[in-house]
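Before any questions on how it binds or moves, here is one chain, the form predicted alone, in structure tokens.
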Amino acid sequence: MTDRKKTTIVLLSGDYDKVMAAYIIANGAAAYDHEVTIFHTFWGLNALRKDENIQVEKGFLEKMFAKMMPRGVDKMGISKMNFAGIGPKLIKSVMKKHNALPLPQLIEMAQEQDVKLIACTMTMDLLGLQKEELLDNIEYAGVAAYLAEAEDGNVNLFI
């Protein structure tokens, strides 16, 4: 019996299209029986934010970051041609027309396929994000945990 191949992804971007690409790759790798980890750091943590406003105690700077960052994947902009928020609506319309899964469903599919979704705890501290504000059933770890996953990875991506 051979060991499963490993795919790791560092998700730094908070752009809808880049997050979508990361989850498409993750789901594809999981379907090919890879052990998959997505390490969400900096703006990539927004992919794990809950849609609803969660009341938690925050300092002034943490409140400012919370207001500037999108709450939930459906509020993310796209990397090119955002057009003051019209771009994401256009891409979602095209996706629907072509029966492509929307990002929230890609995230659910990843969880169903046991893709490890890890939130970077150092970045959470820097941005003032708390566990209550993020999706359920994810893991929390620092960069050392990602490096341990990536060390014997067959595919390591940075998005």
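All residue numbers refer to positions in the sequence shown, first residue = 1. Nothing here was measured: the structure is a model prediction, and the numbers come from that model.
Although not depicted, the form predicted in complex with a further copy of the same chain is the subject of the following passage.
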| item | value |
| --- | --- |
| Close approach of residue 110 to a further copy of the same chain in the model of the complex, 4.5 Å, heavy atom | no |
| Close approach of residue 62 to a further copy of the same chain in the model of the complex, 4.5 Å, heavy atom | yes |
| Partner contact for residue 28 in the model of the complex: a further copy of the same chain, 4.5 angstroms, heavy atom | yes |
| Non-hydrogen atom contact residue 73 with a further copy of the same chain in the model of the complex at 4.5 angstroms | no |
| Joint contact, 52, 105 and 141 to a further copy of the same chain in the model of the complex, by non-hydrogen atom at 4.5 Å | no |
| Within 4.5 Å of a further copy of the same chain in the model of the complex: residues from 121-159 (heavy atom criterion) | 122, 125, 126, 143, 144, 146, 147, 148, 150, 151, 152, 153, 154, 155, 156, 157, 158, 159 |
